[in-house]
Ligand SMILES: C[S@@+](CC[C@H](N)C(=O)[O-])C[C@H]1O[C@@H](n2cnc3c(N)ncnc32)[C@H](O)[C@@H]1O
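First, one chain by itself in structure tokens, the form predicted alone.
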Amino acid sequence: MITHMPVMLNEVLSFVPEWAKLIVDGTLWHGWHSLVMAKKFPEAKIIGLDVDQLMLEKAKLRVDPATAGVEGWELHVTHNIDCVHWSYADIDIILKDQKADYILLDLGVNLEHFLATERGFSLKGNAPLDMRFDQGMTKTAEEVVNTYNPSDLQSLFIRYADFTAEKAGELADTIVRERKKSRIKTTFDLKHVLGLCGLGNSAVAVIFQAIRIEVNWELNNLEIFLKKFPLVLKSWGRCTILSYHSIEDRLVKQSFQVLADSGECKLLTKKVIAPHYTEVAKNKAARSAKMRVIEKN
């Protein structure tokens, strides 16, 4: 069984208001953050959201009293976590007239996305170019690679992968040239094409990340959420966001600062919080994590 280690768990817990009655975990993953919050705050109701049906089903096995204890899963029985297949970008629709005391977003991907190579997130295994979190979505990485025009591909690689315009243009032109010969269908197909431009595995992984962000509307959803969350927070309610990409962190930092300058909210983390070196030693996936917290006045 693949186990995703929750990042900065103690730090996340330290910012949950002691009086919290309604908590939203906007990125449930395997449910670890929610499980620990449920244990510490047994009177609170937790709504756990995830757009990835496969991830959500595994979280349900861990947190649902009806299935907890299934072979291969730890016994974590709790009655106060509702697992919902929905995007955090629609938090206002989900909560309706309710107001949250605490909202958590743990952005990025789960370790399982990379280890389950058949889903196309990783360049370590040959698989269809999928990269969808939500299997109900129609756009796949294969569609992006094979149908985007050169200028759109170039823009994607500049914005999400931080390549220069010249290099991004070279990558886009090479993809377009090679897909005319034969459709780029698999992760190894794409890896080969990018290799023609001299990209090693590290740089290829950055391109994979950029395409994944595009496929799943990751930054668009974050931007939507940042506009909505103050409307669904109670006074003195808090929002914690863990990001792993410089663009994500910049969006969060700028949005939080605007809210603080307006007087609507107060920054609880004037400087970004990074994981302790001992956590990074145990979980390398945490090394790029950045945590910011804001409180509504």
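Keep in mind the model is a prediction, meaning the values are calculated, not measured. Position 1 is the first residue in the sequence shown; the rest follow in order.
Absent from the display: the form predicted in complex with the named molecule. The rest refers to it.
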Of these, 49-57, 253-261, 268-276, 228-236, which stretch puts a heavy atom within 4.5 angstroms of the named molecule in the predicted bound form? 49-57
So, in the predicted bound form, is T27 in contact with the named molecule at a 4.5 angstroms heavy atom limit? yes
Might W86 be said to contact the named molecule in the predicted bound form, defining contact as any heavy atom within 4.5 Å? yes
Does the named molecule come within 4.5 Å of any heavy atom of N221 in the predicted bound form? yes
Using a 4.5 angstroms cut-off on non-hydrogen atoms, would V215 count as touching the named molecule in the predicted bound form? no
Could you spot which one of L129, A168, V109, I103 gets a heavy atom to within 4.5 Å of the named molecule in the predicted bound form? V109
